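The chain below stands alone and is given in structure tokens; this is the form predicted alone.
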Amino acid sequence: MKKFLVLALALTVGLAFSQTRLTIGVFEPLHEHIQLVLPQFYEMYPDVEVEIRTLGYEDHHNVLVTNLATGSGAADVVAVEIGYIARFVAEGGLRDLSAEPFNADQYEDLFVEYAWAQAQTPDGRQVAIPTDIAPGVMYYRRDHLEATGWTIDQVTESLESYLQFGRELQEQGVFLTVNAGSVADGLIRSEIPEGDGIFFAADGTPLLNSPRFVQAATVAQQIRQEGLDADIGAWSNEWFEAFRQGTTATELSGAWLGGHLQTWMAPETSGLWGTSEMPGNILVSWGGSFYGIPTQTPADKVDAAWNLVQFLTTNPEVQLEAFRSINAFPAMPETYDDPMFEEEIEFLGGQQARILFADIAERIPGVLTHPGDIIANEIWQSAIGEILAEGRDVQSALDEAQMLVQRRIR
């Protein structure tokens, strides 16, 4: 009997030591979704145990930047928001998932075109796999629209009609939008020639003083100079209050904003909102999340890490669960046939908004990430800030921005 107990104990200990322990680093609220679906993952991979490390959005990415730069401390699998993908394209730290043993290119057709392209380097390396996306839309207050007598199709017909709508709102003491900068950010991400990126042409030439940027800055400056925006910074208390009080009539954003408004930013405004295509029917990507595997992940954990990445990104049911639990819009068009997309959303006045989001997502063209995007975006934000706050001449400000980018990316 003693020999049997010793043998059983030895087998138990052996099984425990054979288990692979993975860590996954995410930002809120991705952890809520992962906790819900991990039981399914364990059914498929009972020899793996996953520890979730969660931080706020900024803290997560700041720590990740440091961990990847120093080559230590990163989780075995990491979440990356689109705003940080360019940094890791430029600085490295994430494995090329298109190479062996991953061969991620086999999954490319599962995703909307633009999401796959966003995590791809100019030389074809896939540094992360999409999990959720954010097609750009316009949210609008139905009560303010009705008060002007306009229809939403009239408002979005063109950029000029959008501005004219704002002028009529102004007469009623309502702002067109919270900040003109968001309009500029939307416009620079639209109508990008095939092969070009947001900030760089296909040959690597910066584009900050191109006609696309000049138009975006000019329209934004016009909004500011005419007093059509509230001049409030995003994510500030004033920003939240503007949505709660209805002092602004529209907001250009990713589709994700509706979920924030409904759940915590302005739930008391239920039924007062609607959503539509962007003014001028421009197509814009406005956010998205990805999963990647750091180069520092130990070799004996890489297979398990890749299995977890595939589970979270290429499984339609897992993506749909993320949509149900945290309003993360799926990156896989296969999911758009689910009955959930036809549901009426009470917060948006009974609108079947998810059908609109899916339609827009499938029409957004692919735009590659350039290693210099993060530098170019910093310089663009500084330039548009001066254009709006100081009334600086658009062309001269963007010519200077172009020169600064050229100087910094050499």
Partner chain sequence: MQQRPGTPNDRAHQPLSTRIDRWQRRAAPYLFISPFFILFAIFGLFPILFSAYLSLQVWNPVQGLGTMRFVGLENYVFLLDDPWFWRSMSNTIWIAIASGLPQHLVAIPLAFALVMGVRSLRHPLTAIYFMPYITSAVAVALVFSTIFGTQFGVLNQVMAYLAQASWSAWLFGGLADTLPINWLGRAAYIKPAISILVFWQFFGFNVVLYTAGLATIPRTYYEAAQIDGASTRQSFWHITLPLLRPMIFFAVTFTIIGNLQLFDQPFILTGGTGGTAQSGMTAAMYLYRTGFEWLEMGTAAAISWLLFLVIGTLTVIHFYFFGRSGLETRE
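Numbering follows the first chain given and starts at 1. All of these numbers come straight from a predicted model, not from anything done at the bench.
Just so you know, the form predicted in complex with the partner chain exists too; it's not on screen, but the next bit is about it.
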(Q) Taking the partner chain as it sits in the model of the complex, is residue 196 near enough to touch it, meaning that at least one heavy atom pair lies within 4.5 angstroms? (A) no
Q: Using a 4.5 Å heavy atom cut-off, state whether residue 265 contacts the partner chain in the model of the complex.
A: no
Q) Any of the heavy atoms of residue 320 lying within 4.5 Å of the partner chain in the model of the complex? A) no
Q: Decide whether residue 352 counts as a contact residue for the partner chain in the model of the complex under a heavy atom distance cut-off of 4.5 Å.
A: no
Q | Listed range touching the partner chain, judged in the model of the complex by heavy atoms within 4.5 Å, from 233-241, 186-194, 283-291, 104-112 | A | 233-241
(Q) Quick one: 69, 382 and 400 and the partner chain in the model of the complex, is every residue within 4.5 Å by at least one heavy atom? (A) yes
Q. The partner chain isn't shown here, but in the model of the complex which of 55, 65, 38, 356 has a heavy atom within 4.5 Å of it?
A. 65
Q. Looking at 279, 258, 93, 136, which has any heavy atom no more than 4.5 Å from the partner chain in the model of the complex?
A. 93
Q | Closer or farther in the model of the complex, the Cα atoms of residue 58 and residue 206, when the shift from this form is 3 Å or more | A | closer
Q: Kindly indicate if, in the model of the complex, the C-alpha atoms of residue 59 and residue 379 are closer or farther apart than in the structure shown, bearing in mind the change is 3 Å or more.
A: closer
